[in-house]
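Below you will find one chain, with nothing else, as structure tokens; this is the form predicted alone, and questions on how it binds or moves follow later.
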Amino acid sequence: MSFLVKTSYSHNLASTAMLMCSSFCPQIPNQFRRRPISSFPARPLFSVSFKALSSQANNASTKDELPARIGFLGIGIMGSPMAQNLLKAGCDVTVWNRTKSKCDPLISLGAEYKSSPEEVAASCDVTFAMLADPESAVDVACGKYGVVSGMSPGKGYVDVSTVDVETSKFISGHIKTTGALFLEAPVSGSKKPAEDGQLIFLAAGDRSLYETVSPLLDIMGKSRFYLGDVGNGAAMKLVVNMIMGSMMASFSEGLLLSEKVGLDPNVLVEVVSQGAISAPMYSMKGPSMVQSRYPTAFPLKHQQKDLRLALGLAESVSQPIPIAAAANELYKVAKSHGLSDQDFSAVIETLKGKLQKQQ
């Protein structure tokens, strides 16, 4: 399998060329098992220049180099800044969200609003979706007034949600019945990287669609990988988030143990940041964790969901992941104590003993 990564860019953009580049499966409602076929007429695949764009390119691109009309479904912690970066780059963006008010800031920046995923897909050349979980991803893509009903040959659907392999393949199959193209491209990164256009895209699926939307991925992210067949992107994202969740659980233990034996946990954060186990996550989250503050960048409930999906993925290939399994139990306890919507670093609260004493 070949892995293609976005090139880094010099100040001379004119000389920069783009590189051409678990088994958990949620119960799929019966109504989604029939594959509706769009009756929309076929039209040629939208034209786009393959000049690579950097997130720091100061909008050097023009609309002519991008798909003419871009849809974005799911305007939450991640989707909102991603769509905003597309708007700032001069893209024609149409948005949808279950709660319309979340779209208002984007509408004020020039985005158009449609009342259903179907309408967005029907009116756009390529549609992105950033949804909370596999169930939402299936519903938005394949449910009543879903994306599938608005797709047709010449269009593309890019799901940047974090889902399991089977869900991604299920959605891909439905999209392809319409003659449209499908790409999964889950992202590594949370709220701040999304705002700064520093996400990492883990793409798999139709390579021609990957090449077409690469300039858009470059607006929203700092790097991208093409991983081959549908499912590989989903699997890579679950492995990455499995590691991240386990790291945070272990870091939480270290912070509390250092304090319990009379050490300054703030000094521990500094020591860790200068050693072989240094990670940006520790330096970024550590100081606020010491102060028991957990501003939400990546909701704890999503981290637990990803660990759950990773456990299913591991089970499908008979791979033991005992550390991730233990971490998952910790996040489940955190959820049961009402920490679901706080940042995943709030998992440290489950180790303090206070929550258990409240029962």
Partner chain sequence: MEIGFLGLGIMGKAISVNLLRHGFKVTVWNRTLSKCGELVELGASVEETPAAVVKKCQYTIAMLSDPSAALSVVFDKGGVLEQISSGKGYIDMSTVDADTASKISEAILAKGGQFLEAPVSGSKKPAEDGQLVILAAGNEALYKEVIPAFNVIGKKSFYLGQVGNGAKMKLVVNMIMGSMMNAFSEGLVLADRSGLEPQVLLDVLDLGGIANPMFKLKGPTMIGRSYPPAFPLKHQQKDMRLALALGDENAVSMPIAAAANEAFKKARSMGLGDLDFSAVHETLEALKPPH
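Residue numbers count along the first chain shown, from 1. On a predicted model such as this, the values are computed, not experimentally measured, just so you know.
One more form of this protein should be noted, the form predicted in complex with the partner chain, which is absent from this view; the next part is about it.
Among A297, I321, V290, V333, the residue placing a heavy atom within 4.5 Å of the partner chain in the predicted complex is I321. Residues with any non-hydrogen atom within 4.5 angstroms of the partner chain in the predicted complex fall in just one of 84-92, 171-179, 237-245, 110-118: 237-245. Taking the partner from elsewhere, L202 is found to have a heavy atom lying within 4.5 Å of the partner chain in the predicted complex. Of the heavy atoms in G154, none are within 4.5 Å of the partner chain in the predicted complex. In the predicted complex, L268 approaches the partner chain with a heavy atom inside 4.5 Å. Of the heavy atoms in L216, none are within 4.5 Å of the partner chain in the predicted complex. Looking at 274-300, the residues that come within 4.5 Å of the partner chain in the predicted complex, counting any heavy atom, are Q274, G275, A276, I277, S278, A279, P280, M281, Y282.
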